[in-house]
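Okay, so here's just one chain, in structure tokens, the form predicted alone.
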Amino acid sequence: MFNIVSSFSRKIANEVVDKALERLTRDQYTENIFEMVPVAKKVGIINLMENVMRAEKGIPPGRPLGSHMRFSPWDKLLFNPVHLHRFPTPENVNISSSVTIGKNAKKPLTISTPIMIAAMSYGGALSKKTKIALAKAASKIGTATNTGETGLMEEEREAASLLIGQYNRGGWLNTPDKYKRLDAIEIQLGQGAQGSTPQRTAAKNIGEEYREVLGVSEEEDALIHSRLPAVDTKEQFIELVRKLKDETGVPVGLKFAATHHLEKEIQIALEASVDFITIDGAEGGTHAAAPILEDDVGLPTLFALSRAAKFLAKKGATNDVSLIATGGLVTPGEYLKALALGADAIYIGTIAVMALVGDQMTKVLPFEAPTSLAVYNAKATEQLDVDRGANNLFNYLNAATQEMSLVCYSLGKTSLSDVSASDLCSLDPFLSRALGIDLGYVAPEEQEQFFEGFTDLPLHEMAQINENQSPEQQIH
């Protein structure tokens, strides 16, 4: 019976393919479905589909996980193992992964791994079950999770041993009865995927439990302002930071979208004596931001992190102010490179959600997106197994930390925090100069001589060399 069905199916498929090929080869473009191929190549398949969505609804299409663009060239950085001039770390030595954020705060925040769970709010982004699962995973490994721009959800507070809360532009966590229950306070002025753009969630999309967390009425929309309420001058921001530090004793920091103005923003944060700074690069995820905000706003995480670290060093603030990087970081290699470039810790968002839903994706595939298990008001949020998801994410965090530790042995380091830019080289001359790390295909003592020769070339020739020639060709 199976052979008969199989033979019949093959015959049908063969006839369909033959007919399709016949149409593709004979029909002119105006009648040919192949027209979609050059169109898709010209405008891009993502742009094509998002333009169809714009035309259908008349509103910006919202992507749940941020930009698809990879602005930060992490793959052009490599670590340098050691063998004799400095010996690798013996295998019986444990690699330290713990980090303390806000060392000068009365109640510093110490985490067991430099990987933390990024700010993804209940209701504004994720379901209650997902937030609880994220908190459980973070607690299990000893790191912190972040509330995002929302109020204080009791279930998240109970599940999270270390909870960073966002003093936010919506105002939902900005009262002493809430922020005094946090382990660190992150003043949120912007994010990589949205800048400081205002956002609004219509009352009809706010469920009863979410409404209670926000503290809004049944008819009231949830509005995130472009500015923090009552902060219209830098003096008011400085006053707010000092007030929160005095009232709570926990580390108080600033989160903002990485931009070309970042040194000016950090200077004011230093004047306010923040305990940490969170830089959110342009690759940062978000829930339902317009594509223009995700693709065309901000500065890539890699460059923003490097500039922020250099500025803190220039100001002599490296040891006093913790630097946290976030935005599009998805592999242990990228996490460790971010630490090497000056981050004390990193946040992960999209990849944490993907790890959490992990093997539960099969509950919704192939007819629904995996995020329908995790996003607020999505179709399958009740199908998420919280404990199974938390265990998946714990395993991911554990494996990622172990992978970073493996590199430390090869670098001759005993702590993740000891890895520095000197452990890296670059395969890109422009990146090498921008980050201040050696170019990998030129000996250390020949670096300056190499770049002296490069500066005699017109800029467009340098770019052409960089893109079209191998490293060996560039040397000669």
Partner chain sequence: MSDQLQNTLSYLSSELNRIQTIAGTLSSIETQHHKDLTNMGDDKLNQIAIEEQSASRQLGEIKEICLALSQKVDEMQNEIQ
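Residue numbers count along the first chain shown, from 1. Predicted, not measured: the structure shown is a model, and the values here were computed from it.
Omitted here: the form predicted together with the partner chain. The next part is about that form.
- Here is the short version: of 306, 401, 259, 201, the single residue with a heavy atom within 4.5 Å of the partner chain in the predicted bound form is 401.
- Only one of 361, 228, 270, 105 comes within 4.5 Å of the partner chain in the predicted bound form through a heavy atom, and that residue is 105.
- None of the heavy atoms of residue 233 is located within 4.5 Å of the partner chain in the predicted bound form.
- At least one heavy atom of residue 141 is located within 4.5 Å of the partner chain in the predicted bound form.
- In the predicted bound form, the partner chain lies within 4.5 Å of some heavy atom of residue 112.
- The partner chain in the predicted bound form is approached by residue 391, whose closest heavy atom lies within 4.5 angstroms of it.
- Heavy atoms within 4.5 Å of the partner chain in the predicted bound form are found in one stretch of 262-270, 309-317, 96-104, 365-373, which is 96-104.
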